[in-house]
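Presented below, as structure tokens, is a lone chain in the form predicted on its own.
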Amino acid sequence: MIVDDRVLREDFVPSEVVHRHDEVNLLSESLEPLLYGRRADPAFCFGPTGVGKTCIARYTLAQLREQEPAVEVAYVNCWQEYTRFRVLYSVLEAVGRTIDIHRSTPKDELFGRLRETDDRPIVVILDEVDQLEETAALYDLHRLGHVSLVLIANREEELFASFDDRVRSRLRAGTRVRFDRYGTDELTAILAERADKALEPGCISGEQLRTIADAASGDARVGIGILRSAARRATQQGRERVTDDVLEAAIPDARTAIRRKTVEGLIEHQRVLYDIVADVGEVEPGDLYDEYERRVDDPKTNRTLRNYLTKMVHYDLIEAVGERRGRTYRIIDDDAVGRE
């Protein structure tokens, strides 16, 4: 049934995009100076999870490189590469300049190595940029005249609140590309495009694709996950097409798989916070921070912990209940997905 599994992967970038033409055009316009040998101002992609921010950024840069192959693109996921060293190393790795660099290499030496790459323009996509634990890397990259930045985050206010003054002042200008949730018709069209390329003809109906889109609530990541889960289930059961009972089982199965994968991707201190919320069931911030400090040797600041919690809320791992003073956190999935 599945003829091209790549198309159903979360990180797949299609050759043509559906229903994001305005966003593509706006981001393309912001990067246009690169076609004339000039640096582009920073570009920001803001919006909730699963609305195509990463896909559109990578697609737009791929289109740019077709026009100007000299432009190098470095993609950095700041959820995993969240320190100055790891960001700079990731950019150097993308442009093939990591020879003789080790964990003990001074960060200023990495910056110096990156400064020497000025024989070509580089666009750095910083995904989940609000997960950076230190903004020095942003300051470094902005100082380099041959580096242009595309920054991806959920909310502008939260992102700029995490910046120090020198970074905030330098990045305040720039293009904002805002992404809304997909409508059911839009997400159905996206799923139809994926199904057409990934599956045998006729193995899933338009009505079933709409059912998936409804269940995904505007989140393409969830919708594609459900489609992938349904196709795999049908294949494992020897079906020639996706049946309604297979689809019904695939919907919660896909959500669980996505949540488990997200939990597994949490960094150490985020995972400690998640486990505490899962253990307690519902917890106030003060009690959560106290227990966190008991469980770790080198606790992060309260500001960093708030950032972690906000990100987990965005990814539907935990829920924030109530207003600031009376707020509590609780696990969305009662089964505490991903925990032993």
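Residue indices: 1-based, along the sequence shown. For clarity, every value in this text was computed on a predicted model and none was experimentally measured.
Unshown form predicted in complex with the DNA; subsequent notes refer to it.
Asks: Please state whether all three residues H102, G286 and R327 have a non-hydrogen atom within 4.5 angstroms of the DNA in the predicted complex.
Replies: Judged in the predicted complex, H102, G286 and R327 all sit within 4.5 Å of the DNA.
Asks: The chain here is shown without the DNA. Which stretch in 193-201, 113-121, 235-243, 77-85 comes within 4.5 angstroms of it in the predicted complex, by heavy atom distance?
Replies: That would be stretch 77-85.
Asks: Scan A249, I267, A161, A189 and let me know which has any heavy atom within 4.5 Å of the DNA in the predicted complex.
Replies: Contact with the DNA in the predicted complex is made by I267 alone.
Asks: Which of these residues, R306, R271, R295, R65, gets a heavy atom within 4.5 Å of the DNA in the predicted complex?
Replies: Contact check passes for R306.
Asks: Taking 4.5 angstroms as the cut-off for heavy atoms, does S30 touch the DNA in the predicted complex?
Replies: Outside the cut-off, so no.
Asks: Counting only non-hydrogen atoms and a 4.5 angstroms cut-off, does T49 reach the DNA in the predicted complex?
Replies: It does not: once the DNA is placed as it appears in the predicted complex, T49 has no heavy atom within 4.5 Å of it.
Asks: Taking heavy atoms only, is T54 within 4.5 angstroms of the DNA in the predicted complex?
Replies: Result no; T54 lies far from the DNA in the predicted complex.
Asks: Indicate whether the DNA has at least one heavy atom within 4.5 Å of a heavy atom of K107 in the predicted complex.
Replies: Flag for K107 set to yes.
Asks: Taking the cut-off of 3 Å or more as given, in which direction does the distance between the C-alpha atoms of S90 and H314 change in the predicted complex, closer or farther?
Replies: Their C-alpha distance shrinks by at least 3 Å in the predicted complex.
Asks: Taking the cut-off of 3 Å or more as given, in which direction does the distance between the C-alpha atoms of Y315 and E81 change in the predicted complex, closer or farther?
Replies: Closer is correct, given that in the predicted complex the C-alpha spacing of Y315 to E81 is reduced by at least 3 Å.
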